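Only one chain is included here, represented as structure tokens and corresponding to the form predicted alone.
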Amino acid sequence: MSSATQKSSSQDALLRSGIDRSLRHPVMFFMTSGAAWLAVSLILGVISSAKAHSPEFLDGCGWLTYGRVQAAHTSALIYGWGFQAAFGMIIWMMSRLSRQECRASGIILTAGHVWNVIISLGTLGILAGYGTGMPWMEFPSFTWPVITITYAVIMVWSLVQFKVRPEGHVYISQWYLLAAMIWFPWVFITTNLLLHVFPGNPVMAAGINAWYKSSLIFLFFVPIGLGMAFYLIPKVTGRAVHSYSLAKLGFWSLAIIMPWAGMQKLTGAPIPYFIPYLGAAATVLFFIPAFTAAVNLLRTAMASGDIVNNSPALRFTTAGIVGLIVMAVAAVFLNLPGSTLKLSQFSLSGYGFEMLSLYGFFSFVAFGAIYFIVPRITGREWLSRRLIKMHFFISIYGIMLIAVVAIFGGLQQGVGQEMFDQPWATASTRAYPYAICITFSWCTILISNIFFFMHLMVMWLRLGRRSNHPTLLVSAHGHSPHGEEGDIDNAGPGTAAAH
């Protein structure tokens, strides 16, 4: 029996090694180029934030006006960093859980280069003044068909791998990933057709744009972040997910509630009265899927608190789950009709919530995934614990300050906007000190992510140290935490699998 177990373990190790080897180049390409785009986005974020409180900053360059650089900042963050981090996580995890080597790494890698070219052209188009003026859809209109096709070429292989997987469990991680992979093209194609091919009333165009922003957060970035967390936390701790029932509740409540969110941004517009309040109610109800998933994951992680403290992957992932709870609380707080909704509608608060979603939750989970995945596909370990710690703590403090300052500073700005007997400059004056704090925070986060990018480039060049145990934030004392060294996929999500 012992001999059979050892043989099975050896076969599993060979299979995992083959999967990782087949995905090394596309996964490392997406993660490294995504990290580079993150640094570009942060540089643009520093510039746009500085111009919010000091309009004369770089005022001699027409390409760097506030409207252009702010749009380029968010677009680079979403499509340069967010999507490429998502691609890397999806194709690696779907291969691992489907137990299939990737047979199309060259095609995926080629599509990845096309993605970067079109994102570069789109960002330059925004800075040159050819943006559409629609938030999160600022790229010139010629880019969206190419983005759609490139996305399909990258993602279709993961769907094929899922289809031909061996018979067995469908893990909760796969539920979330498959849903996000299908939801995004539905949202993206529908929105672009209604805005670019069959344009209608401008008021409804603004509503469709607002729905797209909300759907991109709740139906793409949130499920991918949760799917990765449902993989990493049980796998590294070696424990089954705390409650399969909670996992199902979190998934289906997200799928049912969140497609209705987004239209609350049109409160007061000449549209049917119930539509904005339906959107506000759906956003408030985001608390249900977020809280159930977060409690489920945190109870799983906290059962092995020492591993969470020692493992970079778990430390970032659990911080991201805490960020999800804060995000859910902010969604409730900022969308209360008759009170905060009118104050946050056109203020910094919306930006604070967006950055909390994209960086405070999704990016932290993505960082955790990168710290876990990269050593496995490169055969090397991270060089510096100190750089990892610095990346974690500076990012934590930076995003906390951005979220808190932007949300509450936006409410103060909203109060100024509601003072109809005062000049509009009153609202700007109220937001001035908060904008300065946001600039400082982006500067600190930029510094930490430049070191993160350099660290990741060293790993891509396979210059990391050889080791037989995972990188830990404290001395391993000759052993590694249960779960990471064994690296057995079917022991990860445990009982959180759907038959």
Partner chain sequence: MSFRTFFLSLSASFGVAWLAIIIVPYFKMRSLEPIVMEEGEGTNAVYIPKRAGRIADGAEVYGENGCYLCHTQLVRPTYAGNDLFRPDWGGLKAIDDRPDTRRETNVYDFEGEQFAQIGVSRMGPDLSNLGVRVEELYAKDISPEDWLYRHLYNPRFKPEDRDSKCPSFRFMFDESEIKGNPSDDALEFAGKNGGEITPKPEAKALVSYLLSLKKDQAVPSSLNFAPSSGEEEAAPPAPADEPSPAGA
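Everything numeric here is computed off the predicted structure, so don't read it as measured data. Numbering follows the first chain given and starts at 1.
Absent from the display: the form predicted together with the partner chain. The rest refers to it.
Phe162 is the sole member of Phe408, Phe162, Tyr397, Phe291 with a non-hydrogen atom lying within 4.5 angstroms of the partner chain in the model of the complex.
The contact residue chosen from Met390, Val332, Val146, Ile271 relative to the partner chain in the model of the complex is Ile271, the criterion being a non-hydrogen atom within 4.5 angstroms. Among residues of the shown chain, Asn201 is one whose heavy atoms approach the partner chain to within 4.5 Å in the model of the complex.
The partner chain in the model of the complex comes within 4.5 Å of no heavy atom belonging to Ser245. When the partner chain is considered in the model of the complex, Leu461 lies well away from it, no heavy atom lying within 4.5 Å.
In the model of the complex, none of the heavy atoms of Ser448 sits within 4.5 Å of a heavy atom of the partner chain. Taken together, the three residues Pro135, Trp186 and Leu266 all lie with some non-hydrogen atom within 4.5 angstroms of the partner chain in the model of the complex. Contact with the partner chain, judged by heavy atoms within 4.5 Å in the model of the complex, is confined among 356-364, 107-115, 147-155, 424-432 to 424-432. Along 31-70, a non-hydrogen atom within 4.5 Å of the partner chain in the model of the complex is carried by Ala52, His53, Pro55, Glu56, Asp59, Gly60, Cys61, Gly62, Thr65, Tyr66, Gly67, Arg68, Gln70, in order along the sequence.
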